[in-house]
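This document opens with one chain alone, in structure tokens, the form predicted on its own.
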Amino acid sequence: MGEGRLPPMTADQELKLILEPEAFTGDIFSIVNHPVIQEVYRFRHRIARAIREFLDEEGFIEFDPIMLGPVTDPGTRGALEFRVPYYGREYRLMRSGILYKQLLAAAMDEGKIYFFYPNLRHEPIDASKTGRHLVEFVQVDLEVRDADHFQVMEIAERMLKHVIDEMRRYEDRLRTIWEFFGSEREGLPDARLPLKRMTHKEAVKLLMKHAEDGEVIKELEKKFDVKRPQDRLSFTAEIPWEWEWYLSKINDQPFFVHDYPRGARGFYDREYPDKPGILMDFDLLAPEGHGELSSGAAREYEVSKVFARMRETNENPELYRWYLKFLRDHGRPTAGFGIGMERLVKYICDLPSVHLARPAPKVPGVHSP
């Protein structure tokens, strides 16, 4: 393997080492230097290039991310904020660029903007069991003025198809990765448009039927170390990680889940005017158990409604002074989504864990370089 690479060992020993997040706390050079891991990183580069090509062709403008601010996205499913002193005040490291991208989409003549946005989220320890969560990761974050969630869903599915079609050019190289990690894939799955769509209510009803199967319950209890996962399904809350994985597993194509209940998402997601309690938002899920790739929504832009939702979710409106002022003076409809780069790489390369999609991964609870 060349000077500096992993010492001679069996393929099984190599695989076992690489699959452990703790391995990145030791001789990180040897892992990054591994030929299969390097191929994964090359696919990350190719995927990023394909996304930029697609968005640029669609008329989007790229911005550098804003990394520090008085407040950050509060709607991040159990993840805490990283806070730092900033000239006598307490500022936050960004958990996503959602507030800033609304402003830029509303302000720019093109009305279409995107970031490759580094995110920092203090994820709960139990998120380390999902194979899909990192403390440090990158989202391709985009926003479109005068659009609704269905319009940006169409952009999301076309972008995913473009990426898959581009990566099919490198399928021989992908097979090297698939074979190393024991994937059963024979080829890169297609994305047949339009992708299937189901409401949150439909998804929960389907999962409740599967929850009647004792073998399904045993599988989820063992894989995710949860007790009675059937009790965690609800029509008024997020789909739990273990059930999201299962829903993904039983589908052979990417698909959307949309129309989440009001309590499941942040104050900035717009409520249907004619469907009280239902939000105009969506998730894009990959098949084969890879789970959520992207989350997005139409945005609430009327300042009085945003203020009321902040009060409802115990947010301090004072911290959002600049954002509320922007909505009051310049607010207009926008919609957008963020798609996780590491999760997309994990799906394309059929990796067993998202920590393999970036060097020096920050896995919840693991102290890596």
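Start at 1 and count along the sequence shown; that's the residue number. Fair warning: this is a prediction, and the values are worked out from it, not measured in the lab.
Omitted from view is the form predicted in complex with adenosine monophosphate, to which the following refers.
No residue of the trio I47, V163 and K346 has any heavy atom within 4.5 Å of adenosine monophosphate in the model of the complex. Distance criterion of 4.5 Å from any heavy atom to adenosine monophosphate in the model of the complex singles out E123 from the list E242, E81, E157, E123. Of the residues F256, F137, W178, F115, just one reaches adenosine monophosphate in the model of the complex with a heavy atom at 4.5 Å or closer; this is F137. Remark: L279 does not count among the residues lining adenosine monophosphate in the model of the complex, judged by a heavy atom distance of 4.5 Å or less.
Within 4.5 Å of any heavy atom of adenosine monophosphate in the model of the complex lies no heavy atom of I37.
In the model of the complex, adenosine monophosphate stays beyond 4.5 Å of every heavy atom belonging to Q102. Taking non-hydrogen atoms only, G331 never approaches adenosine monophosphate to within 4.5 angstroms in the model of the complex. The stretch from 311-319, 336-344, 57-65, 39-47 that comes within 4.5 Å of adenosine monophosphate in the model of the complex, counting heavy atoms only, is 336-344. Contacts between stretch 267-299 and adenosine monophosphate, counted in the model of the complex as any heavy atom lying within 4.5 Å, involve E292, L293, S294, S295, listed in sequence order.
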